[in-house]
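One chain comes next, on its own, written as structure tokens: the form predicted alone.
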Amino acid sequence: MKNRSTWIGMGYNLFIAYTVAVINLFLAIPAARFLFRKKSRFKGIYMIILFAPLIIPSLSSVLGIHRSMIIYGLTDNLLGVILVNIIPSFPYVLLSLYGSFKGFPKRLEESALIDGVLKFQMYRYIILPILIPGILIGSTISILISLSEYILTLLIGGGEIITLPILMFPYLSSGDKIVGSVYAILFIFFNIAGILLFELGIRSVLKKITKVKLIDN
């Protein structure tokens, strides 16, 4: 813990994981609503495209766009690492929210619009409260994936963006079991603390936005 790079790694880890989780939620909520409401013969194709990262290895996708990321200056920096961490985690957030929409009564939305409810109010008081379980589950999975990501962060970060898995891996691979074990234990507690901290934060935000009293698990 006296090593400054460890604290820097934990800071990068949290910032990347939290930013990716928030971006995923902003992207997945309208995408899940689109899939839920869309009645089209192409709906299956849309779903295959959006859920493709679940079955295609993320490394394959990133290797395919690596050249473009170099051209646009998205390698060896924080922005590129954040963007690349969205690829493996987004489908899980989308899947969680799509599942929440399955229990959403379509007529409720139509009735609210007929009664003159604005779209912003509909999202705030009708849609978000129903999506809360999916938001909590999806964001937790997203954070867990981002905190544990090693290969994509190393590939796009180029060693400039240091996270805990990047610090830990050389010790484990070189056989330095003592330091590796210390990092592994730190990594476990760090992940638990990071997830709990985010969940407390997002529960507080959702409670203020929706005015719904959330029940603790």
Partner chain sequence: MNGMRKWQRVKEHLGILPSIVVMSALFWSGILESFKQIFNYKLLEKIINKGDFLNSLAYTARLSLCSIILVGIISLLGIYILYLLSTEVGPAKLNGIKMFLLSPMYIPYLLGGYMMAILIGQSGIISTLCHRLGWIHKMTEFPVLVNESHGYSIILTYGWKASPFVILMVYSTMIKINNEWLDVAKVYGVNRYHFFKEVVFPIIFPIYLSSLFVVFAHIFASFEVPYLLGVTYPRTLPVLAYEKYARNSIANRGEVMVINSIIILLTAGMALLIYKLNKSLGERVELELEK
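Numbering follows the first chain given and starts at 1. We call the rigid core whatever largest set of C-alpha positions still superposes within 1.5 Å between the two forms. Predicted, not measured: the structure shown is a model, and the values here were computed from it.
This protein has a second form, the form predicted in complex with its partner chain, left out of what is shown; the following refers to that one.
For the candidate spot formed by 46, 65 and 172, every residue has a non-hydrogen atom within 4.5 angstroms of its partner chain in the predicted complex. By the criterion of a heavy atom within 4.5 Å, residue 50 is counted among the residues contacting its partner chain in the predicted complex. Its partner chain in the predicted complex is not approached by residue 159, whose heavy atoms all lie more than 4.5 angstroms from it. Among heavy atoms of residue 86, some come within 4.5 Å of its partner chain in the predicted complex. Its partner chain in the predicted complex comes within 4.5 Å of a heavy atom belonging to residue 144. Shown here without its partner chain, the chain has 144, 148, 149, 150, 151, 154, 155, 165, 168, 169 in 137-170 lying with a heavy atom within 4.5 Å of that partner in the predicted complex.
When two forms of a protein are overlaid on their rigid core, residues whose CA moves 2 Å or more are considered shifted, and residue 60 is not one of them between this form and the one not shown. Relative to the superposed core, residue 42 undergoes a Cα shift of 2 Å or more between this form and the one not shown.
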